[in-house]
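The form predicted on its own is given below as one chain in structure tokens.
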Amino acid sequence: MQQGSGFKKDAVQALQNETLQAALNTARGGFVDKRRVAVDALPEFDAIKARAKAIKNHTLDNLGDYLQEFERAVIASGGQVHWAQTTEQANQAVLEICAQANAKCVTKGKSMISEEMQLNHALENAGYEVMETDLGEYIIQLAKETPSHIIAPAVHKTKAQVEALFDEFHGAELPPNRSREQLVSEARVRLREAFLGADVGITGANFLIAETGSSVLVTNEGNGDLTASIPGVHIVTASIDKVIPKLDDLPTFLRLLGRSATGQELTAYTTLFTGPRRAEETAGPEQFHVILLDNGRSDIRDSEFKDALRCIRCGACLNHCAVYGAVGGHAYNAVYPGPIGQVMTPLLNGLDSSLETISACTMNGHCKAVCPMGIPLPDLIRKHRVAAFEQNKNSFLERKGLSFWKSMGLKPGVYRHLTAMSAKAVKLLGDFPLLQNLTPLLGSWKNGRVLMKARGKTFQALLKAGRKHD
């Protein structure tokens, strides 16, 4: 299926999936409530947001310089940098490194860029054994699914579904109704075997520090550290917009990331990897590679969507999105779901891939309000909608409807007359429910809804009548 297509159909299926709805309802409150408590406990949160935004804007304005500085620092520390314009080039770089290392087994830490590259498919097609080590990624790897959330890949799975997966793949006589702790321990045993047997470890990067050539990894499980330090080869896959200038800039972003993502002051593990193992060190990889992926980001930086590159992938916009909260991530059929995905997917895959998803936004502004990097997500989504309309990508009826609405808005007298007629029509439909089934376009909208009885007058008319009465 083309990425971003089929949203309406998949959204309906998601709404009717009781198991998915139970999983989403369980997760929704935790993310939102914990973030609010963590942010309220930090009075200077808005000041930190402003500083982080300024740092990112400065970095994007001077991106080429900082990327070159990062490359020089990586080389100075004994590592190598590989530049990739496309995902195909990035995958090829990974495969060449694995081949040179005579690798057979590869462990992976959670990485949205590797999802963007479809790296697992490339490795498996080349004959490598690949094991995801993030618990959520491990679960969806067993289920042969893609992540449904930026920071919680398996948030759409219930505990019962996870237990059933483990029963199927772990191949042991296991008791039913195991606790979450037991399931985690069960997965840990499997993952430890993979860590110890891996020839190459691949991680993403939350940030890249130009000054030191360091890759920064933020996790709550420690799996990233084991993936990076036990195998003989460590590969970092990251997009070019991950770079920040100095080590001193890092705490600013870390104070925002944990609070916005999971409601923590800091995540459990924040690790900086700088080059391969030194002569005096007893642990760490013998090779350190960083693959820097562009995949259209240079063009985005020079466009009206530049603000989107400030994203630190915290997932707050997803957690507060009414649409994502109702249908989950898989309905978007894209690497990045939710509001940030509605902005990025058309930029990465073309506007044609996202005509349905860019319309799946209520424009309530919650995503913009909670974004720690101040990205005006509704404004950027609206730009895509305008582009779709101007390029005649919308359906004929939709374009004609919008044109009609615009023309009426420019004629106040006609607009008042039409809204008065509409108010009477809505009252008539409410008084006689059988008419609702005969009304064009209302049938599908009415599924799952009850049309309330209306007063039959517009708000302006009711307000005017109330003032006369007073």
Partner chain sequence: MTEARRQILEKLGAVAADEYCIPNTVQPAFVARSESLALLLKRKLEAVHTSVDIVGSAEQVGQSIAGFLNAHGSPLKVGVVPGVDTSSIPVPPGLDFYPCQDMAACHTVLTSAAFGIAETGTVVLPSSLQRPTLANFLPDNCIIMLDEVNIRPCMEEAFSSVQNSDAGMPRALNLISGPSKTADIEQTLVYGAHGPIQLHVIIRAV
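Numbering follows the first chain given and starts at 1. On a predicted model such as this, the values are computed, not experimentally measured, just so you know.
Unshown form predicted in complex with the partner chain; subsequent notes refer to it.
Peer 1: May I ask whether T362, G374 and R399 each come within 4.5 Å of the partner chain in the predicted bound form, counting any non-hydrogen atom?
Peer 2: No, because T362, G374 and R399 lack any heavy atom that approaches the partner chain to within 4.5 Å in the predicted bound form.
Peer 1: Identify, from the list T158, S353, T146, Q118, the residue with a heavy atom within 4.5 Å of the partner chain in the predicted bound form.
Peer 2: Exactly one listed residue reaches within 4.5 Å, namely T158.
Peer 1: Though the partner chain is not shown, can you say which of L272, A76, A322, V386 has a heavy atom within 4.5 Å of it in the predicted bound form?
Peer 2: Here the answer is residue option L272.
Peer 1: Would E124 count as touching the partner chain in the predicted bound form under a 4.5 Å heavy atom rule?
Peer 2: E124: no contact with the partner chain in the predicted bound form.
Peer 1: May I ask you to check whether T267 falls inside a 4.5 Å heavy atom distance of the partner chain in the predicted bound form?
Peer 2: Looking in the predicted bound form, residue contacts with the partner chain include T267, since a heavy atom lies within 4.5 Å.
Peer 1: Determine whether any heavy atom of P285 comes within 4.5 Å of a heavy atom of the partner chain in the predicted bound form, and answer yes or no.
Peer 2: Yes, P285 sits close enough to the partner chain in the predicted bound form that at least one of its heavy atoms falls within 4.5 Å.
Peer 1: Does R382 make contact with the partner chain in the predicted bound form, using a 4.5 Å heavy atom cut-off?
Peer 2: Outside the cut-off, so no.
Peer 1: Select, from the options 291-299, 340-348, 197-205, 99-107, the stretch whose residues sit within 4.5 angstroms of the partner chain in the predicted bound form by heavy atom distance.
Peer 2: Going through the listed ranges, the match is 291-299.
Peer 1: For a quick check, can you give me the residues of 131-145 that have a heavy atom within 4.5 Å of the partner chain in the predicted bound form?
Peer 2: Stretch hits, in order: T133, D134, L135, G136, I139.
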